[in-house]
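First comes one chain, alone, set out as structure tokens in the form predicted on its own.
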Amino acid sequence: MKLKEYYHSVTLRKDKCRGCTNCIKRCPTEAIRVRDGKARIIAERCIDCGECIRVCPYHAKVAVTDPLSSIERFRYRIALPAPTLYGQFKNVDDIKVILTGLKKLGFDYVYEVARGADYVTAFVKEALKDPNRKRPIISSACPAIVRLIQVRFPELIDNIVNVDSPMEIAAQLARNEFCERYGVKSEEVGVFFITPCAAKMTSIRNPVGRKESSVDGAISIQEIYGPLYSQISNLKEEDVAQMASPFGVGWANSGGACLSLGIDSYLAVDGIQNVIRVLEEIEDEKLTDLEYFEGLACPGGCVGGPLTVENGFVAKNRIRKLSEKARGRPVSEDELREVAQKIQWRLDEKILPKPVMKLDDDIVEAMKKMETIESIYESLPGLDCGSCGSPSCRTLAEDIVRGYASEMDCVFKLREKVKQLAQEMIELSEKIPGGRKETEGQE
């Protein structure tokens, strides 16, 4: 059973934080504050996109994932390599070499998440046939984007396609295949995703749209890269099935999911700030002629994940070349019907908004606080400099009302106050007997 406590993979190492405010300016959900010289992550706002990990010069933001040794908890171990993993190694001309290397590391079975992507493609094609679906249909593959919609674009939740991620579908298929083939019990099998990002780790511990994950853990590409590189350096490929199609492997790059659908009216956007701009246009109903939207939080797609090793552009090119050699084929209609009966491929829980702006349970009090926020905001300079430790003047106003900050945290307000106090001191000194005016008169 997976734990359902509130969990985030992205965490802060306070001993390394220098309070530089780089992170607060780049966080897409304004989830970070700097107080008393240290950053603080607001759990309710964080979507584990990893932007703070990218921009922190002191490496104070880290992603907590499972160590490779965690596979030893299970008698049998299955590896689910993200297709991004294939682009991390130079001089590898065949995906089978990497799959073999994973088995040499101690995994009993390897199932490509790229094959899971082939099944997701087939399920999404079916969803696109429904004329009653809200358009554009939004991909559910990137958990950071799904959580972004929960926090910032709740009106678009119904646009998210009701199809689970390639990771979850691959996990179910891998477990079923292994248990049937070798006659073992499901509870004896541990399924581990090789992840390029922190958001996948969070989606395993705290899934959105499903009661619990089918995955038992996530090992970062950074964690597994060294041991795996040692295995594949002098390795010849063995008889390990490479099942994913070229389209499934291509999911690692931005636009890969859209290309696999074979439609014309789609938009693929990578980089979370770019995704936000497009979601704003979808929310404003400016893109009503769009059929499908693929939004990926990381630059370039999953190849640009914060837990990867290789340069994202280099990895993207390698993925392109390797996908051309992929041996698998797209999922047939018969295969799709068979698999649909065996696994839970639909999201089995409703995705709900996350009201991070809730000020008070009492609606009247909440309205009063909102008015106070507006009043304080009007009095602030509106420069959004971040020097106060809040990402913008509006968030500082909100923090003040919530009791997390004061107006004097604003350097401009503080300067005004200091000037005012200095003037009052001058005026007071002039009124005190023996003060400046009397002294001047005696002279």
Partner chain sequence: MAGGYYSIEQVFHIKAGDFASAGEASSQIKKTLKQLGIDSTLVRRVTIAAYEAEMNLIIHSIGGELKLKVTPQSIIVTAEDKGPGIPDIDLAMQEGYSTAPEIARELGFGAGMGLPNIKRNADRLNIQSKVGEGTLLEIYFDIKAR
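C-alpha atoms forming the largest set that superposes within 1.5 Å between two forms make up the rigid core. Residue numbers count along the first chain shown, from 1. All of these numbers come straight from a predicted model, not from anything done at the bench.
We do not show the form predicted in complex with its partner chain, though everything after this point is about it.
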*Flag F123 as yes or no: does it have a non-hydrogen atom within 4.5 angstroms of any non-hydrogen atom of its partner chain in the model of the complex?*
no
*Quick one: does L359 come within 4.5 Å of its partner chain in the model of the complex, counting heavy atoms only?*
yes
*in the model of the complex, does I363 have a heavy atom within 4.5 Å of its partner chain?*
yes
_Interface membership of K286, its partner chain in the model of the complex, 4.5 Å heavy atom rule_ = yes
*Among the candidates I232, I137, I282, V208, the residue which, in the model of the complex, approaches its partner chain to within 4.5 Å (heavy atoms)*: I282
*Heavy atom within 4.5 Å of its partner chain in the model of the complex: which of V314, M370, L290, I263 fits that? Just give me the one.*
M370
*165 to 173, 91 to 99, 105 to 113, 145 to 153: which one contacts its partner chain in the model of the complex at 4.5 Å, heavy atom to heavy atom?*
145 to 153
*With the core lined up, does the C-alpha of E44 move 2 Å or more between the shown form and the other one?*
no
